[in-house]
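The chain below stands alone and is given as structure tokens, in the form predicted alone.
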Amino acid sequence: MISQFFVLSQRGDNIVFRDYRSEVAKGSAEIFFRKVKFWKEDGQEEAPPVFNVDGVNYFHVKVVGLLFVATTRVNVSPSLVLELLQRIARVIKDYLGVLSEDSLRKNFVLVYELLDEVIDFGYVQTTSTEVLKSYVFNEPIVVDAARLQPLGPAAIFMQGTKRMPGTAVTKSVLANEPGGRKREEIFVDIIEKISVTFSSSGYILTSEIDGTIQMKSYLSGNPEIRLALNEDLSIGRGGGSIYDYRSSSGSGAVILDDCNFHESVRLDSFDMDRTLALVPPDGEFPVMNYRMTQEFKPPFRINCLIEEAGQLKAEVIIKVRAEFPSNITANTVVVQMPLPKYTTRASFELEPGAVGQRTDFKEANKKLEWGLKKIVGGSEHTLRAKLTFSQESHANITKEAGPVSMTFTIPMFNVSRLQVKYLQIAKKSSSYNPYRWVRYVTQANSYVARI
């Protein structure tokens, strides 16, 4: 049960505000934004997703630069409210096509209509795009996606030889092509978030993949779809069944620890030939979520060395090596490393001919940051940093610095080797041949190397 819902811009402007129960003061949006902008508690630089101010619980998620916020005075499940905020953002994106400050302002009537159907007197009714179609009657005002800064999964696929159409994932579920026709197409995204921890000597201590198969359908008439995965796919560490603890089916097999499916998925032939049958609902939805702790080759190797270089000085050398094929490119790579608290200055030296790289020393929280616009598979990059201290180190310097963490996005690559073998759509006629787009992406969830 929530009292208020609002959406704020990065500047703190109130774009959407809905008060369902009149239990929380009207100035809550201003209180929330000031608290988040100037957060200083617990030694953290960013506010947590849930916090309490004067008896009011604030829940928020950040989606493409916008803050989606809910407030309540009662003790509700934080996971429930955070999931609700993500789903509201997804529903609004399904209807508007593009989620941005501009599209929300131009379609505020449609957004308020959606909010009144999704939540009634603070209680959730439905977050299904399919169900809401029966109750929502306003048409979206289409915002030109070309003018927008590319954010989120849609942007990371816009590279390589086969580019997607510009309107691909920025189309409303209600919108038609010029001339009133609907472009028949379907998108399947395999998105994997990987967590890896390396020891100081480079060995892998922990590794895990959290994956999801997302689907967005623009097919008229809701035809049945069959989606085939790897035939050597096993679920459960023991092999074929999660309850069957025999030896695993071959070293090359893809072994998932566990998985769950969307309610529309039928698993009649899944055990036989690893195919999923479903009639996709409107909007974006997860067909399957899965988790995997089987050993995999990490996409990057990180080596870090820090040593004293005279009185009140030290030198840091960070090497990053891409372990994936040379036809794959990683984007928006950021390497961070906390430095000793008494560091006063850091000067950086990049390798000769370095392009698209930036370095920064965040003095407020004593952190080294190294950004690389892109890294081609098989390449190696090195950063040298000379540190100046305000006092002598009384302990081992390596214990006061690190660990090195890394964030990245690698389009058209997945480490689990889970693949969509084919995507079959029930034909209405011999000429019916909709566009099919299958895309892969790997992102860092927690990628850490100890020093």
Partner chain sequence: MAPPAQSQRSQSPSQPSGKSEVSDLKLQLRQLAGSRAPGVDDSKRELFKKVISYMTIGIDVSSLFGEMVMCSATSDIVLKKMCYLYVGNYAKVNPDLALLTINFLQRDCHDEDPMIRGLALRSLCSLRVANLVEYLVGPLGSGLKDSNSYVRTVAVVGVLKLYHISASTCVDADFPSTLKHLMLNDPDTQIVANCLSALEEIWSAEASTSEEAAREREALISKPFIYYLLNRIKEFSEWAQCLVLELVTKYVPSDSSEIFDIMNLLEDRLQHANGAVVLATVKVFLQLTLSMTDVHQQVYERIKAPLLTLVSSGSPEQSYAVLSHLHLLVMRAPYVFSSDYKHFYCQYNEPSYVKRLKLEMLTAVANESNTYEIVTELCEYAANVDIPIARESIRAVGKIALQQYDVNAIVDRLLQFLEMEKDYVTAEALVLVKDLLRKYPQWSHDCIAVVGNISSKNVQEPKAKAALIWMLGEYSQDMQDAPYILESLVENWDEEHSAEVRLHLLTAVMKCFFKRPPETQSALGAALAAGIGDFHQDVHDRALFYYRILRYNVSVAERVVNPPKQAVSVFADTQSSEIKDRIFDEFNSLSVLYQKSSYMFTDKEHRGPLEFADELGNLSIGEAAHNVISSQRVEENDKDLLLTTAEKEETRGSSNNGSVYAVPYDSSTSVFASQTQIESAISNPTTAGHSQHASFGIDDLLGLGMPAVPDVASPPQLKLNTKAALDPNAFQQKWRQLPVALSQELSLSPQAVASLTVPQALLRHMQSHSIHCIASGGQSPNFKFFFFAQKYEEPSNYLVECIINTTSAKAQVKIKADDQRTSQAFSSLFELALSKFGTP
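Positions refer to the first chain, counted from 1. Please read these numbers as outputs of a predicted model, since none were measured by experiment. We call the rigid core the largest set of C-alpha positions that still match within 1.5 Å between the two forms.
Below, we refer to the form predicted together with its partner chain, which is not included among the displayed structures.
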Among 222-230, 78-86, 301-309, 319-327, mark the stretch whose residues have heavy atoms within 4.5 Å of its partner chain in the predicted bound form. 78-86
Whether L267, E400 and V448 jointly form a contact site for its partner chain in the predicted bound form is the question; each needs a heavy atom within 4.5 Å. yes
Interface membership of V64, its partner chain in the predicted bound form, 4.5 Å heavy atom rule: no
Can you tell me if F32 lies within 4.5 angstroms of its partner chain in the predicted bound form, counting non-hydrogen atoms only? no
Its partner chain contact at A385 in the predicted bound form, heavy atom, 4.5 Å: no
Give a yes/no on whether S22 approaches its partner chain to within 4.5 Å in the predicted bound form, heavy atoms considered. yes
Answer option from V279, V376, I141, A253, heavy atom within 4.5 Å of its partner chain in the predicted bound form: I141
So its partner chain isn't shown here. In the predicted bound form, which residue out of T344, T293, T332, S347 has a non-hydrogen atom within 4.5 Å of it? T293
Sequence order please: the residues of 118-135 with a heavy atom within 4.5 Å of its partner chain in the predicted bound form. D120, F121, Y123, V124, Q125, T127, S134, Y135
Does P78 shift between the shown form and the other one by 2 angstroms or more at the C-alpha, the core having been superposed? yes
Taking the rigid core as the frame, does E101 move its C-alpha by 2 Å or more between the shown form and the other one? yes
Once you line up the core, how about P403: does its CA shift reach 2 Å between the shown form and the other one? no
